[in-house]
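There is one chain below, alone, in structure tokens, taken in the form predicted alone.
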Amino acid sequence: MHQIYYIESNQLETLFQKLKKSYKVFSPVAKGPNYTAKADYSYKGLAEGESPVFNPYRAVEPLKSFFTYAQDQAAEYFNRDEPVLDSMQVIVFGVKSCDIAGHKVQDFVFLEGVEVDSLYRLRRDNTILISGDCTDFKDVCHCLAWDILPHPTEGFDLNFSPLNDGYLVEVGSKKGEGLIQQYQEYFTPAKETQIAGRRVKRENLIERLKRHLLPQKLVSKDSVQRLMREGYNLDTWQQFMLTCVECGGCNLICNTCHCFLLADKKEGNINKKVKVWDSCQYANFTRVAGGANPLKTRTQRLRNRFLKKFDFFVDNLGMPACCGCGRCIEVCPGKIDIREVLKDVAKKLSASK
């Protein structure tokens, strides 16, 4: 078991004021002027005097937005100067289990391929992830469907679990242990009774989430690759594409989607090659210079999105490229629900037998 400590809430605020002297600290904040029980949370860089907020569920932005920006400069033409890379030390507070699980896909793409993305590597090395247990969930959350618990078990540097007037703090990496050692005056070793209290809170939330998901009758993680292969020619894809407006929101808000476009951009006298987030739902996503486009129709592109998530990544990473965060469901103006698409495939395949 990882080392676990305890910190009181008032000490946490003092700790973060000190951390802000060495790190750019991001924390979720409730969006909108009127706080509600189911408010959306959005990441914000904490200014002097501002304290971190413990969010009950994941933020609006995916974790990938800290490592691959919507637009990044890849190169400058006709400039012999070495590019200045951003080496800012960052702490991201309030990351949830779904994002950490889904971020394995980003690491796979940008760190484990033929070439390592040096800018991604730099940002990864300079970032400390302080995650937190979910204490509630949104209606669209379905992490358990993919065997992802609402509290992280790996992939974090420190993890916070609220308990009484403070937090249990679990160490998940050398970076996390380094922070504990540097600021050890704020932490005390956790007691067995405190760890037992955390276990009860976690089990209660899992039971609540199970009761929320059970009536939805979601497809199982183990069946999803078979569904994609056997359901290739079903009319599911035509049916759900009818409301797709090709906005790409499902891809851009997804913590596992990672496709990008290399484009040219001129700023003054400087010509740049920029890397921008791309979407497989865009009409020109696969159009090549000669004009050919293997994913010419919306039906093909919608199916491609599901094949990539639930066939390609099961083959290549051993897991679906979905973490059950439900962001794509919330953002879609066409009301396309990833859960309902999968259920429709399962239903039609079952009826055909």
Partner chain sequence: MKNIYRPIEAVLEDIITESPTIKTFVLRPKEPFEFRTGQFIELTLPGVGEAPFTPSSDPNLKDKIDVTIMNVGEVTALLHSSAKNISLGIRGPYGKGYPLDKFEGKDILIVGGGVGLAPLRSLLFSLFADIDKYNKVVLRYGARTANDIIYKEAIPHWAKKKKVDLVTTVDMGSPEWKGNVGLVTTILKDLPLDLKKAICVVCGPPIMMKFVTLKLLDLGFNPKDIYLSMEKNMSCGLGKCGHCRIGSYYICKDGPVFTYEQLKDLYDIWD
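Residue numbers count along the first chain shown, from 1. Model, not experiment: these values are computed from the prediction.
This next part talks about the form predicted together with the partner chain, which is not shown.
Trainee: Taking the partner as it appears in the model of the complex, which of 155 to 163, 254 to 262, 177 to 185, 133 to 141 has residues with heavy atoms within 4.5 Å of the partner chain?
Mentor: Of the options given, it is 254 to 262.
Trainee: Let me know the one among V245, M88, A196, V116 whose heavy atoms come within 4.5 Å of the partner chain in the model of the complex, would you?
Mentor: When the partner chain is considered in the model of the complex, the option within 4.5 Å is V116.
Trainee: Have a look at D222, D235, E112, E203 for me and say which one sits with a heavy atom within 4.5 Å of the partner chain in the model of the complex.
Mentor: Exactly one residue meets the criterion: E112.
Trainee: According to a 4.5 angstroms non-hydrogen atom cut-off, is S42 in contact with the partner chain in the model of the complex?
Mentor: Residue-level check for S42: no, no contact with the partner chain.
Trainee: Closest heavy atom of A75 to the partner chain in the model of the complex, within 4.5 Å or not?
Mentor: The answer is yes: A75 has a heavy atom within 4.5 Å of the partner chain.
Trainee: With the partner left out of view, is L307 within 4.5 angstroms of the partner chain in the model of the complex by any non-hydrogen atom?
Mentor: L307: contacts the partner chain in the model of the complex.
Trainee: Would S51 sit within 4.5 Å of the partner chain in the model of the complex, counting heavy atoms only?
Mentor: No, S51 is distant from the partner.
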